[in-house]
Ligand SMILES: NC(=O)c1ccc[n+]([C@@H]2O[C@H](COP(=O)([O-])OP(=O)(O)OC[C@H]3O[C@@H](n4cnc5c(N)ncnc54)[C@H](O)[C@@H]3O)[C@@H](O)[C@H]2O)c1
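Single chain ahead, by itself, as structure tokens, in the form predicted on its own.
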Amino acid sequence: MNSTLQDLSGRTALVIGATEGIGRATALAFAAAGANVFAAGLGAARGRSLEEEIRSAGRVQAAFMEADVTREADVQAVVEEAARRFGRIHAAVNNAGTEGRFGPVHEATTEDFDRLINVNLRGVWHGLKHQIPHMLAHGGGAIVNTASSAGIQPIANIALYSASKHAVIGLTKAAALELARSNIRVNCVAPGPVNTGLLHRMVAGNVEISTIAESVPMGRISEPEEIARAIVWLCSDAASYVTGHTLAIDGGLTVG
């Protein structure tokens, strides 16, 4: 493959949910591919450290803005500031998510439901709502939403999380169909278990990480960088004919 197809020099990537885990790794991967990076998410200290890490490498520009994806005004402000700072957003990643409570579905509360849907689904929709008009006005772009292997194959005791990620996949497919002739590609990734705080918080006291790793055909959980590389690929010209796709990055977990 021509390596220039994955060279993002001169482009700008917006990563929402960038302060830890997959999002942080994705912001760093975009920078390594030559893109300027506008990062957003919760945790000002973590965001500033990410901004400084990218800038200190000396290749590209970076900026950070704290934002809560459940608030549309925050997401709108992020998109507007990214466009003001860098002129155009070529790639956008809607990665913010939360794990929710581990346990039977009937023991979940209304508050559990609202929090999961507000972050995992509404947050992605807020991103699309403001990224798409910008890309339509500037000739196109690529968007990647973070779903989960639990959005392909449901998992007991995380029913609301599974439902929110199924919804992200559906939202991604519908948006891709709407935009297929507008030079905007919309895809999502469906990671399996990843070595992040989200996974460890989700199963703490209930399931051992080693047990989860054994359930994966490849016999291990992934690292955030493995997911990040796939996201950058989906946003590159190497994936120019890919839209509406859910890319499972799960060590074979959902094959069966």
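This is a predicted model, so every value here is computed, not measured. Numbering starts at 1 and follows the sequence shown.
What comes next is about the form predicted together with this ligand, which does not appear here.
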inquiry  = My question is simply whether residue 12 lines the interface with this ligand in the predicted bound form - judged by any non-hydrogen atom within 4.5 Å.
reply    = no
query = Wondering, does residue 89 line up within 4.5 Å of this ligand in the predicted bound form on heavy atoms?
reply = no
query = Any of the heavy atoms of residue 70 lying within 4.5 Å of this ligand in the predicted bound form?
reply = yes
inquiry  = With a cut-off of 4.5 Å between heavy atoms, is residue 218 one of the residues that contacts this ligand in the predicted bound form?
reply    = no
query = Just one stretch in 174-182, 133-141, 76-84, 115-123 has heavy atoms within 4.5 Å of this ligand in the predicted bound form, so which one is it?
reply = 115-123
In the predicted bound form, the residue from 57, 42, 213, 32 that sits within 4.5 Å of this ligand by heavy atoms = 42
query = So which bits of 142-178 sit within 4.5 Å of this ligand in the predicted bound form, heavy atoms only?
reply = 146, 147, 148, 161, 165
